[in-house]
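Below you will find one chain, with nothing else, as C-alpha coordinates; this is the form predicted alone, and questions on how it binds or moves follow later.
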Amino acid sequence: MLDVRDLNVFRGSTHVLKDVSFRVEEGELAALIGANGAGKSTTLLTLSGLLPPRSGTAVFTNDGEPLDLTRASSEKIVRAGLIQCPEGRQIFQSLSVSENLAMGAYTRRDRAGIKQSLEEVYELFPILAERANLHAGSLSGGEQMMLAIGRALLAQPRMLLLDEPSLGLAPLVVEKIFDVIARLKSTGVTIFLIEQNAAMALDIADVAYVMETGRIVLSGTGSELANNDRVRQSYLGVAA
(Lines give C-alpha, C1' and ligand atoms only; values in the text may rest on other atoms or scores of the structure.)
Protein backbone atom coordinates (compact mmCIF):
# COMPACT_ATOMS: atom_id res chain seq x y z
CA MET A 1 0.00 0.00 0.00
CA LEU A 2 2.85 2.40 0.84
CA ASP A 3 6.28 1.95 -0.70
CA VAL A 4 9.00 4.46 0.24
CA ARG A 5 12.40 4.18 -1.41
CA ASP A 6 15.61 6.14 -0.93
CA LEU A 7 13.86 9.27 0.34
CA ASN A 8 16.11 12.29 0.94
CA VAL A 9 14.62 15.40 2.50
CA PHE A 10 16.28 18.68 3.44
CA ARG A 11 14.97 21.40 5.72
CA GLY A 12 16.96 24.43 4.68
CA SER A 13 20.56 23.23 4.45
CA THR A 14 20.00 20.38 6.93
CA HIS A 15 19.84 16.89 5.46
CA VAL A 16 17.04 15.43 7.64
CA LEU A 17 16.05 12.19 5.89
CA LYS A 18 18.83 10.13 4.36
CA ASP A 19 17.97 7.35 1.90
CA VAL A 20 14.92 6.32 3.91
CA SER A 21 13.15 3.18 2.66
CA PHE A 22 10.27 1.19 4.17
CA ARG A 23 6.98 -0.49 3.28
CA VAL A 24 3.55 -0.63 4.86
CA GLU A 25 1.22 -3.34 3.59
CA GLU A 26 -2.55 -3.04 3.55
CA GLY A 27 -4.08 -3.88 6.92
CA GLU A 28 -0.78 -3.58 8.79
CA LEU A 29 0.08 -1.46 11.76
CA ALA A 30 3.61 -0.22 11.13
CA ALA A 31 5.51 1.75 13.77
CA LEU A 32 8.42 4.14 13.36
CA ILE A 33 10.28 4.73 16.61
CA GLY A 34 13.26 6.90 17.41
CA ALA A 35 14.55 9.67 19.61
CA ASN A 36 13.38 13.27 19.43
CA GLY A 37 14.84 14.89 16.32
CA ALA A 38 15.50 11.62 14.50
CA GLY A 39 13.33 12.69 11.55
CA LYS A 40 10.08 10.86 12.32
CA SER A 41 7.72 13.82 11.95
CA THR A 42 9.59 14.99 8.85
CA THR A 43 8.79 11.59 7.36
CA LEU A 44 5.06 12.11 7.88
CA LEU A 45 5.13 15.69 6.60
CA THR A 46 6.80 14.44 3.43
CA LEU A 47 4.24 11.66 2.96
CA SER A 48 1.44 14.22 3.39
CA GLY A 49 2.84 16.45 0.66
CA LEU A 50 3.89 19.24 3.03
CA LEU A 51 7.65 18.85 2.51
CA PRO A 52 9.17 18.19 -0.92
CA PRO A 53 11.91 15.55 -1.04
CA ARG A 54 15.21 16.21 -2.79
CA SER A 55 15.16 12.67 -4.20
CA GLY A 56 13.55 9.28 -3.79
CA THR A 57 10.00 7.96 -4.23
CA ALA A 58 6.94 7.40 -2.06
CA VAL A 59 4.04 5.62 -3.72
CA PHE A 60 0.66 5.10 -2.05
CA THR A 61 -1.60 2.57 -3.75
CA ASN A 62 -5.33 2.60 -3.03
CA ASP A 63 -7.64 0.16 -4.84
CA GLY A 64 -4.92 -0.51 -7.39
CA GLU A 65 -4.40 3.19 -8.14
CA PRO A 66 -0.81 4.30 -7.41
CA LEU A 67 -0.18 7.89 -6.33
CA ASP A 68 3.29 9.43 -6.27
CA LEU A 69 3.24 11.31 -2.97
CA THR A 70 6.37 13.26 -3.88
CA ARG A 71 4.52 14.98 -6.73
CA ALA A 72 0.91 15.10 -5.55
CA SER A 73 -0.74 18.02 -3.76
CA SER A 74 -1.79 17.63 -0.13
CA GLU A 75 -5.43 17.84 -1.19
CA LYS A 76 -5.03 15.00 -3.68
CA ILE A 77 -3.24 12.91 -1.05
CA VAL A 78 -6.11 13.40 1.41
CA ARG A 79 -8.69 12.54 -1.24
CA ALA A 80 -6.74 9.34 -1.97
CA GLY A 81 -7.29 8.27 1.64
CA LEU A 82 -3.91 9.00 3.26
CA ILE A 83 -4.91 10.94 6.37
CA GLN A 84 -2.61 12.40 9.00
CA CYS A 85 -3.41 13.00 12.66
CA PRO A 86 -0.68 15.54 13.41
CA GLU A 87 1.66 15.92 16.35
CA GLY A 88 0.25 18.32 18.94
CA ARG A 89 -3.29 17.45 17.82
CA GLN A 90 -3.79 20.77 15.93
CA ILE A 91 -7.50 20.97 16.63
CA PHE A 92 -9.52 24.13 16.01
CA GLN A 93 -9.67 25.48 19.55
CA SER A 94 -12.44 28.04 18.99
CA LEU A 95 -14.75 25.61 17.20
CA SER A 96 -17.00 23.12 18.96
CA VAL A 97 -16.22 19.42 19.15
CA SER A 98 -18.89 18.64 16.55
CA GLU A 99 -17.58 21.37 14.23
CA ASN A 100 -14.05 19.97 14.49
CA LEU A 101 -15.34 16.53 13.57
CA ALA A 102 -17.26 17.97 10.63
CA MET A 103 -14.01 19.50 9.33
CA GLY A 104 -12.64 15.98 8.95
CA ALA A 105 -15.38 15.17 6.45
CA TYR A 106 -14.95 18.24 4.28
CA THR A 107 -14.03 16.18 1.18
CA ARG A 108 -17.10 13.96 1.52
CA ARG A 109 -20.62 14.46 0.12
CA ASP A 110 -22.27 11.26 1.35
CA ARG A 111 -24.44 12.59 4.19
CA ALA A 112 -25.62 9.16 5.32
CA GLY A 113 -22.05 7.88 5.35
CA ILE A 114 -20.84 10.93 7.29
CA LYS A 115 -23.57 10.39 9.87
CA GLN A 116 -22.55 6.75 10.24
CA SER A 117 -18.87 7.69 10.60
CA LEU A 118 -19.78 10.24 13.26
CA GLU A 119 -21.74 7.62 15.19
CA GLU A 120 -18.75 5.27 14.99
CA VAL A 121 -16.45 7.99 16.36
CA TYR A 122 -18.85 8.67 19.21
CA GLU A 123 -18.92 4.93 19.93
CA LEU A 124 -15.11 4.89 20.10
CA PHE A 125 -14.98 8.07 22.18
CA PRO A 126 -18.26 8.52 24.12
CA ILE A 127 -16.82 11.57 25.89
CA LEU A 128 -16.84 13.43 22.56
CA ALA A 129 -20.59 12.92 22.25
CA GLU A 130 -21.02 14.34 25.75
CA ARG A 131 -18.84 17.33 24.86
CA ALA A 132 -20.19 17.81 21.31
CA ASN A 133 -21.29 21.42 21.81
CA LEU A 134 -18.33 22.58 23.89
CA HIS A 135 -15.40 24.55 22.50
CA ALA A 136 -12.60 22.13 21.64
CA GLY A 137 -10.16 24.34 23.53
CA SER A 138 -11.93 23.51 26.78
CA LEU A 139 -11.13 19.79 26.50
CA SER A 140 -8.36 18.06 28.39
CA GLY A 141 -5.24 16.97 26.51
CA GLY A 142 -6.48 13.39 26.27
CA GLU A 143 -9.90 14.48 25.02
CA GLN A 144 -8.24 16.70 22.41
CA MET A 145 -6.23 13.70 21.21
CA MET A 146 -9.43 11.70 20.91
CA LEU A 147 -10.94 14.57 18.95
CA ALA A 148 -7.95 14.73 16.60
CA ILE A 149 -8.21 10.99 15.91
CA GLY A 150 -11.97 11.26 15.47
CA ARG A 151 -11.57 14.11 13.00
CA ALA A 152 -9.12 12.00 10.99
CA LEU A 153 -11.54 9.07 10.98
CA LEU A 154 -14.30 11.27 9.53
CA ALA A 155 -12.11 11.53 6.42
CA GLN A 156 -12.46 7.75 5.89
CA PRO A 157 -8.71 6.96 5.90
CA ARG A 158 -7.41 4.02 3.93
CA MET A 159 -4.17 4.65 5.78
CA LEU A 160 -4.00 6.62 9.01
CA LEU A 161 -0.78 8.46 9.86
CA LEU A 162 -0.51 8.99 13.62
CA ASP A 163 2.17 11.38 14.83
CA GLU A 164 3.06 10.96 18.53
CA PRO A 165 -0.46 10.25 19.84
CA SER A 166 0.83 9.69 23.40
CA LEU A 167 2.75 12.98 23.61
CA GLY A 168 2.09 14.82 26.88
CA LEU A 169 -0.69 12.51 28.06
CA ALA A 170 -1.12 10.76 31.40
CA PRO A 171 -0.36 7.01 31.43
CA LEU A 172 -4.00 5.96 31.83
CA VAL A 173 -5.02 8.14 28.88
CA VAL A 174 -2.17 6.71 26.80
CA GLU A 175 -3.50 3.20 27.48
CA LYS A 176 -6.96 4.29 26.31
CA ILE A 177 -5.56 5.83 23.11
CA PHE A 178 -3.52 2.72 22.31
CA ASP A 179 -6.53 0.49 22.97
CA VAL A 180 -8.42 2.53 20.37
CA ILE A 181 -5.51 2.29 17.91
CA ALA A 182 -5.49 -1.49 18.30
CA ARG A 183 -9.27 -1.55 17.80
CA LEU A 184 -8.97 0.51 14.62
CA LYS A 185 -6.38 -1.91 13.30
CA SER A 186 -8.74 -4.82 13.97
CA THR A 187 -11.35 -3.14 11.74
CA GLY A 188 -8.92 -3.17 8.81
CA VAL A 189 -7.57 0.39 8.92
CA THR A 190 -3.93 0.49 7.84
CA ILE A 191 -1.90 2.52 10.33
CA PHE A 192 1.53 4.11 10.25
CA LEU A 193 2.39 5.10 13.80
CA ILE A 194 5.14 7.54 14.79
CA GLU A 195 5.84 7.19 18.49
CA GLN A 196 8.48 7.89 21.14
CA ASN A 197 6.82 5.45 23.55
CA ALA A 198 8.62 2.50 22.01
CA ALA A 199 7.24 -0.12 24.38
CA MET A 200 3.62 0.72 23.60
CA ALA A 201 4.28 1.04 19.86
CA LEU A 202 6.17 -2.24 19.52
CA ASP A 203 3.53 -4.08 21.54
CA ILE A 204 0.84 -3.47 18.91
CA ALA A 205 2.96 -3.19 15.73
CA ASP A 206 3.02 -5.84 13.01
CA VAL A 207 6.20 -4.34 11.61
CA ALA A 208 8.47 -1.66 13.03
CA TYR A 209 11.37 0.54 12.03
CA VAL A 210 13.97 2.37 14.10
CA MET A 211 15.13 5.77 12.87
CA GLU A 212 18.33 7.42 14.06
CA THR A 213 19.63 10.74 12.69
CA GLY A 214 17.46 10.48 9.60
CA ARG A 215 18.22 6.87 8.68
CA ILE A 216 16.36 3.60 9.14
CA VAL A 217 18.84 1.53 11.14
CA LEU A 218 16.71 -1.46 12.20
CA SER A 219 13.55 -3.16 11.02
CA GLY A 220 11.55 -6.25 11.90
CA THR A 221 8.32 -7.34 13.49
CA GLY A 222 7.22 -5.52 16.61
CA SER A 223 8.16 -8.48 18.80
CA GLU A 224 11.55 -8.89 17.13
CA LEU A 225 12.51 -5.30 17.83
CA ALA A 226 11.08 -5.44 21.36
CA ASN A 227 13.54 -8.27 22.03
CA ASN A 228 16.48 -6.67 20.20
CA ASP A 229 19.26 -5.81 22.67
CA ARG A 230 20.04 -2.49 20.99
CA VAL A 231 16.40 -1.43 21.07
CA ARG A 232 15.93 -2.64 24.64
CA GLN A 233 18.89 -0.60 25.86
CA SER A 234 18.30 2.53 23.80
CA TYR A 235 14.50 2.78 23.76
CA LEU A 236 13.01 0.48 26.39
CA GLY A 237 15.22 1.44 29.33
CA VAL A 238 16.63 -2.05 29.85
CA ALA A 239 20.15 -2.06 31.27
CA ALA A 240 22.87 -3.89 29.36
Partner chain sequence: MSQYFFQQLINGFSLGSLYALVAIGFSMIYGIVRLINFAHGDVVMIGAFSTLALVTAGVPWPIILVFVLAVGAVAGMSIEMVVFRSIRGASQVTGFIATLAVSITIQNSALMLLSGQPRNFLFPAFMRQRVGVGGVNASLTDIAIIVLTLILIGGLFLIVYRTRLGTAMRATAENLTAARLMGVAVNRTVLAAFAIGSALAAVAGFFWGGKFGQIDPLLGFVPGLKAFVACVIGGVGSIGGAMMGGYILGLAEVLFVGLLPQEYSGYRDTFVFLLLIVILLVRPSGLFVRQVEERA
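Since this is a predicted model, take the numbers as computed values, not measurements. Positions refer to the first chain, counted from 1.
What comes next is about the form predicted together with its partner chain, which does not appear here.
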Heavy atom within 4.5 Å of its partner chain in the predicted complex: which of 80, 132, 95, 124? 95
Evaluate residue 165 for contact with its partner chain in the predicted complex, applying a 4.5 angstroms cut-off between non-hydrogen atoms, and reply yes or no. no
Is residue 137 close enough to its partner chain in the predicted complex to count, meaning some heavy atom within 4.5 Å? yes
Hey, in the predicted complex, does residue 41 get a heavy atom within 4.5 angstroms of its partner chain? no
Tell me, yes or no, whether residue 99 is in contact with its partner chain in the predicted complex, where a contact means a heavy atom of each within 4.5 Å. yes
Given that the partner is absent here, state which listed stretch (61 to 69, 23 to 31, 192 to 200, 45 to 53) has heavy atoms within 4.5 Å of its partner chain in the predicted complex. 45 to 53
Residues within stretch 6 to 44 having a non-hydrogen atom within 4.5 Å of its partner chain in the predicted complex: none
